[in-house]
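The chain below stands alone and is given in C-alpha cells; this is the form predicted alone.
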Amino acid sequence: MSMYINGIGLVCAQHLDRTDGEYQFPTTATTRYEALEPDYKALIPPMQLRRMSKVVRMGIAAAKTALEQAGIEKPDVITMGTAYGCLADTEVFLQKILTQEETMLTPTAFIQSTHNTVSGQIALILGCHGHNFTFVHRGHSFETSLQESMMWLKEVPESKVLAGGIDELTDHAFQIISRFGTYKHSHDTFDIPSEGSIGGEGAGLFVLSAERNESTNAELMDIRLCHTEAIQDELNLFLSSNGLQASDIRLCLLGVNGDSRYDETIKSHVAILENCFMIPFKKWCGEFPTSGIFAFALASKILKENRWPEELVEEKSENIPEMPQHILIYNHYKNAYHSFILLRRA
C-alpha cells in the first residue's frame, strides 16, 4: 500500500526548510555534526521550553513543523523510532545515582530518560489521545516506524499518522562511543578513507496519509528491512515487487558513511543500478541510527520541487541525469541493519 508524505519537519545538521528556495549544506572539519536548532520560541511556549531537554525540543519542533505544512492540528496516530533515546536525561539520572549514593532520588529525571519521552511529550502538547508507540530497534528504528504507519493506514485509511525518528548525541556519549572506533579521528574527513564515520544527530517527523492532497511532497511506495548478507537479491526482489527493474532507478541516496570498513561493501550491493546517480547523504547529516530521516526528507523535497540540490551534486553538470520519477534510499547501520525505501513523484 502506498502512503503520501504531506508534511515534513526536520532538525539536523543541515537546513532543508529554506524560504528562499536554496539549500544550504555547510561542512566543517569535525568528526561530529550537531543539529542546527531552530528558533523554538515561535513553536513552543517559553514556560514549557525551559523545562525541555534538547531531544524533546527537537522532536516537538519537527512535529509542529510537519503538522503545519500538512495543514492539520493534531494526528490520529504517533509512531516514533529512536535508538539512543533521551541520552542527556539518562546521564543526569545516572549522575544523581552516583552523587546521591542511590538515596533520595526524584523520579523526574528517570521519567524523562525513557525512550518514549519524546512521543509522549508531543502527544501531551498536541492533545493527541490516539495510538502512540516508540520503536527502539537500533538501526531499523525509523524504518520500523514507517512500516507500522503503512500497516495502520491499511487498517484505518482515513487516519493521519505522525511518524519519524530521533536521536541525540551528547558529549559523554560521543566520547564513549568513540572508544569503539565508531567515529573518525580528529584529522580525518568524510572523503579520507579511514575507519570510523562522522557522528550526527537529528529529529525528523513526517505526516503520512493514504490520500494525496495539495501539500503532498511525494509518495512512499514501499519499504524493506534486511538482516541478510544477500543484499543484492533483496534489492532485486524489492524492485520487482514494485514493478520496477534496476534500470528504472536513476537516483539513489546511498548510506555510505566514510568508514573504510563498510563503504566498498555497501557500494557493491547497489552495483546492479548501473544507470543510477548516487548521492552519499551521510556526508551532510553524519552517521546515527536514525539518519534515514534526512534522506527521507531530502528525497521528498527533490521529488516535490523537481530540482537538484546543486550542493549535493559533486560531478560535472553534464553527468547529471534528468529529474527522476523514483528515488531509492539504501541505508545501513554498521553493515548490519540494511533498509530500502522507495519514493515516487506524487
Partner chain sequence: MNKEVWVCGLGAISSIGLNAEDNFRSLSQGHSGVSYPEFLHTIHKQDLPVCEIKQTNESLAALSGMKIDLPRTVYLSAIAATEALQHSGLSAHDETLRFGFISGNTLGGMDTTEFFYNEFLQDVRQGRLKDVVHHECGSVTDLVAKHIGIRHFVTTLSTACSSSANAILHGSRMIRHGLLDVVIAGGADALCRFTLNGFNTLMILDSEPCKPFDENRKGLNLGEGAGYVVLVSDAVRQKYQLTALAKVSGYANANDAFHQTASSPEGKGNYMAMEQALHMSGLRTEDINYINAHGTGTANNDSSEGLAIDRLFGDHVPLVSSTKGHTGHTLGACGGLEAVYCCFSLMHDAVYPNLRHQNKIQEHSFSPVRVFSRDHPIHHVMSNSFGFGGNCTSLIFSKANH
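Numbering follows the first chain given and starts at 1. Because the structure is predicted, anything quoted here is derived from the model rather than measured.
The same protein has a further form, the form predicted together with the partner chain, not shown here; the description that follows concerns it.
Undergrad: Report whether all of 91, 132 and 227 sit within 4.5 Å of the partner chain in the model of the complex, measuring from non-hydrogen atoms.
TA: Checking in the model of the complex: 91, 132 and 227 are all within 4.5 Å of the partner chain.
Undergrad: Could you confirm whether residue 264 comes within 4.5 Å of the partner chain in the model of the complex, counting heavy atoms only?
TA: Residue-level check for residue 264: no, no contact with the partner chain.
Undergrad: Is residue 111 part of the interface with the partner chain in the model of the complex - any heavy atom within 4.5 Å?
TA: The answer is yes: residue 111 has a heavy atom within 4.5 Å of the partner chain.
Undergrad: So, residue 137 and the partner chain: in the model of the complex, are they within 4.5 Å at any heavy atom pair?
TA: Looking in the model of the complex, residue contacts with the partner chain include residue 137, since a heavy atom lies within 4.5 Å.
Undergrad: Would residue 243 sit within 4.5 Å of the partner chain in the model of the complex, counting heavy atoms only?
TA: Result no; residue 243 lies far from the partner chain in the model of the complex.
Undergrad: Please identify, from 266-274, 205-213, 145-153, 189-197, the stretch that has a heavy atom within 4.5 Å of the partner chain in the model of the complex.
TA: Answer to the contact question: 145-153.
Undergrad: Which one, 221, 231, 72, 83, lies within 4.5 Å of the partner chain in the model of the complex by heavy atoms?
TA: Among 221, 231, 72, 83, a heavy atom within 4.5 Å of the partner chain in the model of the complex occurs only for 83.
Undergrad: Determine the residues of 88-115 with a heavy atom within 4.5 Å of the partner chain in the model of the complex and present them in sequence order; the list may be empty.
TA: Residues within 4.5 Å: 90, 91, 93, 94, 95, 97, 98, 99, 101, 102, 103, 105, 106, 107, 110, 111, 113, 114, 115.
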